[in-house]
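First, one chain by itself in structure tokens, the form predicted on its own.
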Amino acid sequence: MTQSHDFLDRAPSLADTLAHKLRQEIAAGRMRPGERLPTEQQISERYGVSRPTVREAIGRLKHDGLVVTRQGAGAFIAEPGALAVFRLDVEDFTNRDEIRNIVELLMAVEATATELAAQRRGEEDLAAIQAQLDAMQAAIDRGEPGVDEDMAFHRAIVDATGNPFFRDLSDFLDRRVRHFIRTARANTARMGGLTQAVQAEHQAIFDMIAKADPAGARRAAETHLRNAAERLSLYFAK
């Protein structure tokens, strides 16, 4: 890796930004499997960050399985196939292509989970979903966006699948992208007077689950996600 300077902007999370830069270097083949990572000092000088920031960024790469350390020898680029951690790095939520890609992923997960919930839910599951639907309406009546209640509603649906892997993946997506998307959507709904339209979509999802109609539940979830993408686009167009 050459020693040209490529200083980073002073963002709130320099370690995350640096880790992303290094991932790009690895993905582009500029740092190859088995190759020793530059020293902390070299990386620090190239990107204009402190050595503790470099250590933190390298720690992220180790956690992702992209880098391995060898006692007394330093850090090395991991061999192909060593990656054991799934990552989802969304660089620009204002980009329509990025939004489409994310919505396609959410649709694959959430629509399928909703379909399975309609097949498998018990009365306790249905009561839990209904409780979160009512909580969202109560939040709306108080003039609140109800984002937390929205997330709890979808989590109750995922719980109704009885599949722990759906729960794990849903938790991951909540942390990485879904909370941002729903917050943006909630802001758009509040500003555009669309809150009850969003709630009507949730009601349609609940109705299909209550009727034990898997195909109808999937369609309702897909419609909700497509509309959420449109609301997100409206939010960024303001």
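Numbering starts at 1 and follows the sequence shown. Because the structure is a prediction, the values reported are computed rather than measured. The term rigid core refers to the maximal set of C-alpha atoms that superpose within 1.5 Å between the two forms.
Although not depicted, the form predicted in complex with the DNA is the subject of the following passage.
Figure note: of the listed segments 205-213, 22-30, 49-57, 165-173, the one touching the DNA in the predicted bound form, with heavy atoms no more than 4.5 Å away, is 49-57. For the chain shown alone, residue 73 is a contact residue for the DNA in the predicted bound form, at least one non-hydrogen atom being within 4.5 angstroms. In the predicted bound form, the DNA sits beyond 4.5 Å of every heavy atom of residue 201. Proximity of residue 64 to the DNA in the predicted bound form falls outside the 4.5 Å heavy atom cutoff. For the chain shown alone, residue 14 is a contact residue for the DNA in the predicted bound form, at least one non-hydrogen atom being within 4.5 angstroms. Within 4.5 angstroms of the DNA in the predicted bound form, the stretch 19-47 places a non-hydrogen atom from each of 36, 38, 39, 40, taken in sequence order. Relative to the superposed core, residue 211 undergoes a Cα shift smaller than 2 Å between the shown form and the other one. Remark: with the core as the superposition reference, the CA shift of residue 108 between the shown form and the other one stays below 2 Å. Here residue 68 counts as shifted, since its C-alpha moves by at least 2 Å between the shown form and the other one after the core is aligned.
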